[in-house]
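Read the single chain below, which is given as structure tokens and is the form predicted alone.
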């Protein structure tokens, strides 16, 4: 019978001494005169399994001995328990069939490859241990996020990928147009949508509209930023999770974010033990301890003002000095988490540092915003209580030069049954980087899109 490796790993004793058929790809093939060993991975588990094949059993022994790394094969054989060996079992092959040959110049040979080399061969890198583990964790985290919100009666909103507004006001947009780029027009009357449109940088505004009908909603999808930033933390296309909840204030918002982060980490511990052990050993020493610390700590909550008091006392330790009114640098964020020994929410930011839709505090100088900082990484989540007062929203838009021409509907939400509401954004890739210890966003996206790079 055809069996997946994961099922045998979960129920090894049940399959002991039984004949099974497994299909997968050769990771390594070590042949000797009368017998050989194949490391086979079928994609259903992080672990590869060992196939033992013998000359006296296989009619095609000599051909099997020459099968190249990367070849797809079908193996029929008996499951033999090996409790004293590194692997819990192996397969004694009775038949091996070549399903698809791999040429000798297959780039992913059984040796250590640089991550730069693997990015150039991204169509094959998921066949390596590192990326097999990364994208398995990515799948588990994605499902965990959906599970978290669905268990709490949130509505899943598919927000549009093409919009006519720039919700963040940063102007880093990918324009969507069917006009002839060689003959630019002064306006967009003849364009497909009859107006200037772009790829979405956030689904937040649409989520606010739905939250004021369903109370609790979340979006989970790709977003796009035309930011020419070639750093390890930025990509032009990435996935965002954005919950939005009516009748929520900033404290409620932080409660939800903390609960979600702990839930996701818990799900990774439940489902990715082998992967976490691998990351802990080869990617980030102490990763498991770091994640357990997050699970067991109550997240600290401090104001931006308090953060600046702490940072300015230790400005001699920083490359970039902490200055009141300026954004925090990554080194500042890391210092704060180290200072408090765990995750930290920083709240009540200067209004000039945050977007137009964030609620203006009573001091008229700060907004009800929050950033979640985590140890060794810095910012993981950003969110706020939204401005529900129409006059305050319009004033902020004017002062920040945000055109309300295409946001008439957003202002309507304040006119008809508006109420306090809050939400936040979590970049999926940032979460994966934190949980795996992988320090480059290009290595947690299957096919990364960055400035000057759009392969595959």
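Numbering follows the first chain given and starts at 1. Bear in mind that the values here come from a model prediction, so they are computed numbers and not experimental data.
This protein has a second form, the form predicted together with a further copy of the same chain, left out of what is shown; the following refers to that one.
Asker: Go through 56, 62, 33, 415 and name the one with a heavy atom inside 4.5 Å of a further copy of the same chain in the model of the complex.
Answerer: None of the other options qualify; the answer is 415.
Asker: Looking at 110, 286, 194, 341, which has any heavy atom no more than 4.5 Å from a further copy of the same chain in the model of the complex?
Answerer: Exactly one listed residue reaches within 4.5 Å, namely 194.
Asker: How about residue 309: is it within 4.5 Å of a further copy of the same chain in the model of the complex, going by heavy atoms?
Answerer: Contact with a further copy of the same chain, no.
Asker: State yes or no: in the model of the complex, is some non-hydrogen atom of residue 44 no more than 4.5 angstroms from a non-hydrogen atom of a further copy of the same chain?
Answerer: Although a further copy of the same chain is absent here, residue 44 would touch it in the model of the complex, with heavy atoms inside 4.5 Å.
Asker: Would residue 368 count as a contact of a further copy of the same chain in the model of the complex, using a 4.5 angstroms cut-off between non-hydrogen atoms?
Answerer: Heavy-atom contact with a further copy of the same chain at 4.5 Å: absent for residue 368.
Asker: Can you tell me whether residue 37 touches a further copy of the same chain? I mean in the model of the complex, with a 4.5 angstroms heavy atom cut-off.
Answerer: No - in the model of the complex, heavy atoms of residue 37 and a further copy of the same chain never come within 4.5 Å of each other.
Asker: Among 295, 356 and 384, does every residue place a heavy atom within 4.5 Å of a further copy of the same chain in the model of the complex?
Answerer: Heavy-atom distance to a further copy of the same chain in the model of the complex: none of the three under 4.5 Å.
Asker: Which one, 242 to 250, 321 to 329, 83 to 91, 372 to 380, holds residues whose non-hydrogen atoms are within 4.5 Å of a further copy of the same chain in the model of the complex?
Answerer: This holds for exactly one stretch, 242 to 250.
Asker: Of 114 to 144, which residues get within 4.5 Å of a further copy of the same chain in the model of the complex if you count heavy atoms?
Answerer: 120, 123, 124, 126, 127, 131, 132, 135, 136, 138, 139, 142, 143, in sequence order.
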